[in-house]
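Two separate entries follow, structure 1 and structure 2, each one form of the same protein chain as structure tokens.
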Structure 1
């Protein structure tokens, strides 16, 4: 087993374990402070005009109807078109859009290559002279992989370099940018650029399918050239690094949207939400702010119900 294989296996394992652990920890945290802003995407009936179920005098007697399709309708333009960036920071949109499209294409390419490794992996070693021996689906996978690789790397390179220049030259962005912000962009740029170099080194898709076939079957990976090795090492290190950065917002947004921005479940007597709130009110408070008067023994219920002393003049 090659060093590259070991790196990729380790990177994928760390990526999955770390992100799953973070997701579980986030899901088990206390109730988030809700925005209580309307409209909410799952209320399809009132979303168009900005209303809420609180408009009805007897809302507490009716069952809430939440539409996942309504949420998807709002989320898809945000995820794939970056609607929020377009509306609130249009000068950044083009670079951010191309940056994300590049990432989406390379991420989708992983799954296409896994499929390619399963379907045409055993035969790819024998088709360097031509692709006539591949099945129709094999030829589709091969052509699609090539298109996704070149489009993803080219578009991603444009977007990443644009973001670096924008962040460096824009006074507001540069003043609020940390070393980590630039490091992440340069790291991702290295993936895109090394991917382009690998692409033009020759037989890139064949080599990638051989790589994935070796990974899937746990067979030794053949020597696929220096350009492949550089791209694979950079990509593997990034997968290893990503779970420890703020870039995990790609799944953390589930909580900020569903549990903070759109969560509007009412606190009805005897409900699960009431029980959770009662449990959280029993937590001890250790804040050091003097106006809280926390001593580590009082809980939130004590502090919320105690009499507030007037300031003496």
Structure 2
């Protein structure tokens, strides 16, 4: 097995394990106090103007409906069109949008190539050697891959370079940028640019399909040339690196939107939520300001009900 192949396996493994662990960790943090921010997307009726069930004087007597579809309807343009950036930061939008579209296309290409590896992988060596031809579906996958690769890398390069220029010239952005902020952008630019170089080195899609075929079947990867090697190493290293950065926001947005900004579930007596809260109220507290009166043994509820207990005495 080649070094590149080992690197890709390791990267994918680390990517999956780290991201899944991060997801599980975030999902298992305690239920927090309500901290919603309106408009809340699952309240379809009131989303347009930002209203909530609290606009009714008898809200507590009614069953609350949450529309998952409502949330999806808001998230799709947010993810694919960067609606928030369009609305609130127009001068950044073009660069951010092209940057993200480039990444989306290359990510989608992975799945197309997996399919390609399975469907035309076994045949690609024969075709190259002059025997047989690709099936219609094979040809579609081949052409689609080519289009995605060229579009993804070209659009992504424009976006990333635009972001680098914007970040370094915009007063607000440059003031809060660190070495890491630029490093990430240059890293991603390297993926796109090396992708373009690889593309122009010839037979890029054939090479990619061979690569995926080898990866899927655990067979040694043939030598696919220097341009491929450079692109594959940079991409592999990036996949390895991503789970340790803020870029995990691509899935953490599930929490920031669904679990915080739109999390408005009221606490109902006798509910599962109430039980969970009661459990958390029994967590011991060690804050050390004198007015808290914590000793590491008293729990949250003991401290918060101190005044009530004083009255009872």
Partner chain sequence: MKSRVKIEDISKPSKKLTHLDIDDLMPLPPPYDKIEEQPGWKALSEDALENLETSLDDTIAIGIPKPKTQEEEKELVKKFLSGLEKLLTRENNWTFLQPLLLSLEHCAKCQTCTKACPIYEASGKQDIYRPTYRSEVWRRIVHKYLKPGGKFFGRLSHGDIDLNWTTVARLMELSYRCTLCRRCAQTCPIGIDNGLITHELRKVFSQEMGIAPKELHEKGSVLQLEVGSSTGMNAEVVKDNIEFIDEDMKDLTGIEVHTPWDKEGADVLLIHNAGEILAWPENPGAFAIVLEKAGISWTLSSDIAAYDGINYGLWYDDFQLGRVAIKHAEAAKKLGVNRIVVAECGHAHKALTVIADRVLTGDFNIPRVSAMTLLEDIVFSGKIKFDPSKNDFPVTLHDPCNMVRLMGIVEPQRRILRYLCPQFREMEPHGVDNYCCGGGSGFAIMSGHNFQDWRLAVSGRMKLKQVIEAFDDHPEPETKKYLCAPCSNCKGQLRDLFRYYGVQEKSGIIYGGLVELIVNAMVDIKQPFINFDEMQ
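Everything quoted here is computed from the prediction, not taken from an experiment. For clarity, a rigid core is taken as the largest C-alpha set superposing within 1.5 Å between two forms. Residue numbers count along the first chain shown, from 1.
> Which of the two structures shown, 1 or 2, corresponds to the form predicted in complex with its partner chain?
Pick structure 2; the other is not the form predicted in complex with its partner chain.
> Tell me, please, whether between structures 1 and 2 the C-alpha of residue 18 is shifted by 2 Å or more, with the rigid core used for superposition.
No, residue 18 moves less than 2 Å.
> C-alpha of residue 244: shift of 2 angstroms or more between structures 1 and 2, rigid core aligned?
The answer is no; the displacement is under 2 Å.
> Rigid core superposed: how many angstrom does the CA of residue 50 shift between structures 1 and 2?
A shift of 2.6 Å at the C-alpha.
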